[in-house]
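Just one chain follows, in the form predicted on its own, and it is written as structure tokens.
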């Protein structure tokens, strides 16, 4: 049989860990229909049955205040899963069981998972799972999600509940005080006259008493909707007069009373020196003075490891790409098709594939920070900073996600309740350095700052954060005035990440990057190749072949003159030594002459190679400038000339608007070395330098790449999330203006004070 399973739970309760433990690699990520909130689904097989699993967004209740709550509620109500798996943090039962009480009222077959049992035991909690199951009317399974302990028993309980749908699976109700129960029954008697999508009438009655807007809107359309709402208003007035509080608060207190009563029956505390390791660690990591420096150090260490560890496999992939290009070059005749395959497809995509190790290392480290629980601390650490721009620490979580990719990070702003907060976070998120910018950083920083490449890359990420915060401050005082809604930030307990979980999270993000290589980057590389390949007929202004022969002849004459002078000196010295009956070849004089000769010959050869290379680069530059790609760059060259950029940088930045990774492929095409582009490629390095790029210009180029519009996919995400072209076009204009202004200032003051000369 095929069963539908929904996994629900509070944020940070280990819900996704349970999902990964059940489904393993048999999962995929997409978006919920009509919204851009991430949807995770997967499947597993057990006892010849297939279970399709949905990982619902983390939510504290089914009140539908946020997009996540609305999605979870809609799925549970409308899609009618066969079993709801309610994941609970066993070390925080009183808070987590609040959602459980609502799931009980919803009436879906339920299995309760007590996750993080090891942490509960460390806190000195002794939980009687059987008693708790009796009190809640649903199976309760103790689990340690990160190690997989208890998952087999969980699968058995899910199967049993799914196949034994009977009254036993939901035989209790959350009982409220007598006065509230009286009002529930009054509303319930009217609700029963209508069949509301096969939902339990008691659920509807309780939600009406809570003044739930969505339920009221649904009831209003019923035949006796006005009568039900009139009775609801009367009941709410009675409850609020009686309890001197809002009806929603009264019902919430009653739920917590039910929870406390249940916990008194099944939980005991062993207070023999319980150790809260998370709190002890937080005294250091979230310290008022140490928190930010530690966070900055960890970010620097992340990029240091990304650059240093990634350099070794980069060389192997580079060798593989070059070998593949050489193979097809010899296999295919010298035609346009061969150039398309070798230079356009293999060279273009291969130029990005070289950086895959860096990308995967970055995602792996981010997964460690997330799975360990530190990422939630980052939001707490940055809360004070974010308040300065009218946001709270929760808004920093999508910004950190931007280190991976700006598109899902912008989608992640749906966790913010206020539209004003969402728009502000969307507008500043593109300044966070995504993984697509990393290949550009590695190439340029490795070329011009080889001894400090990791520090330069780290500084780009820090500058992105500073630009985002400064921009947020500006916008919160102008176009998006106001302060964010208050919120309570939950810090999950620290956990030791498992290899399985890290592998799944790293592969999820890395696979999306690989998919991008096979789609957007492939198309962009072919486009860049076509622009650099046509037109074929080019009239050159100089006779480069003749100049090359002249250089070779000139240095050949110099080599001959050097050899003649050396031979004459040797003969003269030999005759002097012969008269003294001493072997000249063993003398210090001969060794000195030989050393001088070898040094001068090497110097002449090096000069010849340098002049020939520069001549070749000049020829290639003229050829490229007269093809479509060069003509395009020439159009924009007057605009970017004040930044110290040439038309080549203009072309790279234009193609980078499609996807930042294509900047690297573009330089490969421009300098004729698309098949071998990485930070060790002397062709690209020499090409960049010979084109007029200096360390100062390189720094300006990195800053411009950081700040200007990330890519077309990000622009589309901004349009979807803001719902208007006004903010989208404004975002493009602002980011390009900021990038231009800051790059100009770096170049201007750099030349004034002779920086990086």
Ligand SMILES: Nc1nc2c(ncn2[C@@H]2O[C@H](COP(=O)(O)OP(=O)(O)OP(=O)(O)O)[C@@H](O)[C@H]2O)c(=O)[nH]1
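No experiment lies behind these values; they were computed from the predicted model shown. Positions refer to the first chain, counted from 1.
This protein has a second form, the form predicted in complex with this ligand, left out of what is shown; the following refers to that one.
Highlighted residues 58, 115 and 118: every one comes within 4.5 Å of this ligand in the model of the complex, counting any heavy atom. Note that among 383-391, 471-479, 523-531, 144-152, the stretch whose heavy atoms approach this ligand to within 4.5 Å in the model of the complex is 144-152. Taking a 4.5 Å heavy atom cutoff to this ligand in the model of the complex, the contact residue among 371, 183, 421, 210 is 371. Distance criterion of 4.5 Å from any heavy atom to this ligand in the model of the complex singles out 495 from the list 495, 587, 459, 131. Proximity of residue 13 to this ligand in the model of the complex falls within the 4.5 Å heavy atom cutoff. When contacts are judged by a 4.5 Å heavy atom cut-off, residue 17 counts as touching this ligand in the model of the complex. Taking this ligand as positioned in the model of the complex, none of the residues of 634-659 brings a heavy atom within 4.5 Å of it.
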